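Only one chain is given next, in structure tokens, and it is the form predicted on its own.
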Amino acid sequence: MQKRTLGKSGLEVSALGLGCMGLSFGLGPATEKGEAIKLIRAAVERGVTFFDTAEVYGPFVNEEVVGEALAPFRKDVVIATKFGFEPDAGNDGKWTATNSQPEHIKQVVEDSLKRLRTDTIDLLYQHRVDPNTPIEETAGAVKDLIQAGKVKHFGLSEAGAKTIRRAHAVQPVTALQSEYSLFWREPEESVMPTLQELGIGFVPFSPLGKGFLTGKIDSSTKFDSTDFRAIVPRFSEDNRKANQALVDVIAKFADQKQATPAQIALAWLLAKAPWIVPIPGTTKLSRLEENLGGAAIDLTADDLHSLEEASSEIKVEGERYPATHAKLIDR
């Protein structure tokens, strides 16, 4: 597995990471703990060194699984986790309230360190921008944690360009994690120029469009009640039917390259910039191996042009989040 460096930070990781959320949360029933640990360790054996989790995934259980799985390899891997949510009394106690107050961050980190079985968090993201806490205070709290040796690098998730600049002025931001794929290209205009200017790495989550770009989901797919996609407008039956045209374009291109649609979607991201590190998630070993194969595909400038030209002619239907989640996206 090739390595990449996230921006100017010096943080070196495998070209593809592993998003661990779906093993415990958000995409249907949780994977049995032993099986989840086996999958994470299989990723390590195949050269993956970058693993992504968060306290809210579960909540808590995903960090515990990641911590146990990676304990034997701790010095050889990079663990990223996130703070910024807490239970919302006005929403049946669901973890939808934001809290990036400095004291809250410091307590979250203490708890995460225990669950992750480690003395330091390699990359700590603010999960969503907190409208009630100035980003300078949040960045200052993470700076304190870095100086105390409990955190190594600071990241943001779904933050807008202005917020990134303000945070970076207090504590250099190593990486931005936001959704980016052939299914959602908005970051190319909204944040990527800022990331390039400041030397900040980009970690796309949902690089396979929450599974849609694999070609394994169509208008007839039924989602489990515990699957977040069941409430995502982009995944309504009508929108899946309309958006199939994009998958067909990628699948046609994949056939020409003797690859799978998932591999082409990941190879496209890797070809966009050397400071981009996608974190596809999966619960299956076969899919893990398929995804990692995407890192071995080199797309030329002509390949990128033809793929982007064909895909940009298709209008993607449906918002990527329901309204309750969309309001948490920083602009």
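Each residue number is its position in the shown sequence, starting from 1. The structure presented is a predicted model; accordingly, all values stated were derived computationally and were not measured.
Only in words, not in the display: the form predicted in complex with a small molecule, which the text now covers.
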Kindly indicate whether L6, A139 and I200 are, all three, within 4.5 angstroms of the small molecule in the predicted complex, using heavy atoms.
no
Among R128, K152, R240, H104, which has at least one heavy atom within 4.5 Å of the small molecule in the predicted complex?
R128
Going by heavy atom distances of 4.5 angstroms or less, which of R74, K94, K162, K216 would be at the interface with the small molecule in the predicted complex?
K216
Is there a heavy atom of G84 lying 4.5 Å or less from a heavy atom of the small molecule in the predicted complex?
no
Is it the case that A262, even though its partner is missing from this view, gets within 4.5 Å of the small molecule in the predicted complex, heavy atoms only?
yes
Should E64 be classed as touching the small molecule in the predicted complex when contacts are defined as heavy atoms within 4.5 Å?
no
Find out whether any non-hydrogen atom of M21 is located within 4.5 angstroms of the small molecule in the predicted complex, and reply yes or no.
yes
Answer among 300-308, 65-73, 41-49, 273-281 for heavy atoms within 4.5 Å of the small molecule in the predicted complex: the stretch 273-281
